[in-house]
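Take a look at this single chain, the form predicted on its own, given in structure tokens.
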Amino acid sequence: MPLSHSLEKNGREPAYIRICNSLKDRIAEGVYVSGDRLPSESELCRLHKVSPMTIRRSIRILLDQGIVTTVQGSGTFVRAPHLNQVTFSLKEFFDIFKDEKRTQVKLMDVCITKADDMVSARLQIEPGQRVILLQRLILRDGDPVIYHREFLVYDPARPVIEADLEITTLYGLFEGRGQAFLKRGEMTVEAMVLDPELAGHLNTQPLLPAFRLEHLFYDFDDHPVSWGRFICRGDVLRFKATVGFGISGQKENHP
């Protein structure tokens, strides 16, 4: 299909948008493959009967989206998608906390205990120092889907209050609101299978797949104050990955 023909289908769109989307179509169809040089600015101007500024705006969108790259004196080339760089989304995990109508928190235990070697290493405190242990179950429509075990540095000046135990505070933490004493956090994800104890908490069978999301939160002095793990049933949580620049089926829209 000629390039100009595809532009005629969306005559109401600005020219630079139509040209950008048409070039993406040609790349997606394999007309231009990784490493190919796109037609020059003058060639595109002549083909579409538009100004150089219009073509530059189209190419700028492709550059911003990482679809092409420019080499001074040589032209614009189609980039290879970087499949070794994968971004995973935790949206489904956060959505569980967001829906307060369907999600409930069940506090299993809260107590003051002594830090073992692992807890002391994570929180950068002395072994045996007092910490607060919180254990929660997160239920979705009454069904346990996440077990949460968390250790907090014990601070007599900041006692645990009721808000610390609620699901709204957990979601507020992920959304960047609430928990004003926290500055930043780190989270890692690992695949695992459920041992009998965890399977019992989650009302399912041992050895079923699950995800372990380990978190470490810091205060504004960059001191660790909270370390814990979310154990998520594998039949509930999915991770969505984005690879490459994802041009297929995506069109640039005029704002």
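Numbers for residues come from their place in the sequence shown, where the first is 1. Computed from a predicted model, the values in this text were never measured in an experiment. Throughout, rigid core stands for the largest set of C-alpha atoms superposing within 1.5 Å between the two forms.
The discussion below concerns the form predicted in complex with the DNA, not included here.
**Q** With a 4.5 Å heavy atom cut-off, would you call C111 a contact of the DNA in the predicted bound form?
**A** Close contact is absent here: in the predicted bound form, C111 is far from the DNA, nothing within 4.5 Å, heavy atoms only.
**Q** Is G73 part of the interface with the DNA in the predicted bound form - any heavy atom within 4.5 Å?
**A** G73: contacts the DNA in the predicted bound form.
**Q** Please tell me whether any heavy atom belonging to Q65 falls inside 4.5 Å of a heavy atom of the DNA, as the geometry stands in the predicted bound form.
**A** Close contact is absent here: in the predicted bound form, Q65 is far from the DNA, nothing within 4.5 Å, heavy atoms only.
**Q** Is G234 near the DNA? Define near as a heavy atom within 4.5 Å, in the predicted bound form.
**A** G234: no contact with the DNA in the predicted bound form.
**Q** Want to guess which of 204-212, 226-234, 25-33, 43-51 is within 4.5 Å of the DNA in the predicted bound form, heavy atoms only?
**A** Selected stretch: 43-51.
**Q** Would all three of K101, R136 and Y147 be in contact with the DNA in the predicted bound form, where contact means some heavy atom lies within 4.5 Å?
**A** Checking in the predicted bound form: none of K101, R136 and Y147 is within 4.5 Å of the DNA.
**Q** If you look in the predicted bound form, which residues in 15-32 sit within 4.5 Å of the DNA (heavy atoms)?
**A** Residues within 4.5 Å: A15, Y16.
**Q** Once you line up the core, how about G142: does its CA shift reach 2 Å between the shown form and the other one?
**A** It does not, since the G142 C-alpha is displaced less than 2 Å between the shown form and the other one after the core fit.
**Q** So that I can tell if N203 moves, could you say whether its C-alpha shifts by at least 2 Å between the shown form and the other one after the core superposition?
**A** Comparing the forms between the shown form and the other one, which are aligned on their rigid core, N203 does not shift its C-alpha by 2 Å or more.
**Q** So that I can tell if R60 moves, could you say whether its C-alpha shifts by at least 2 Å between the shown form and the other one after the core superposition?
**A** True for R60: a C-alpha shift of 2 Å or more.
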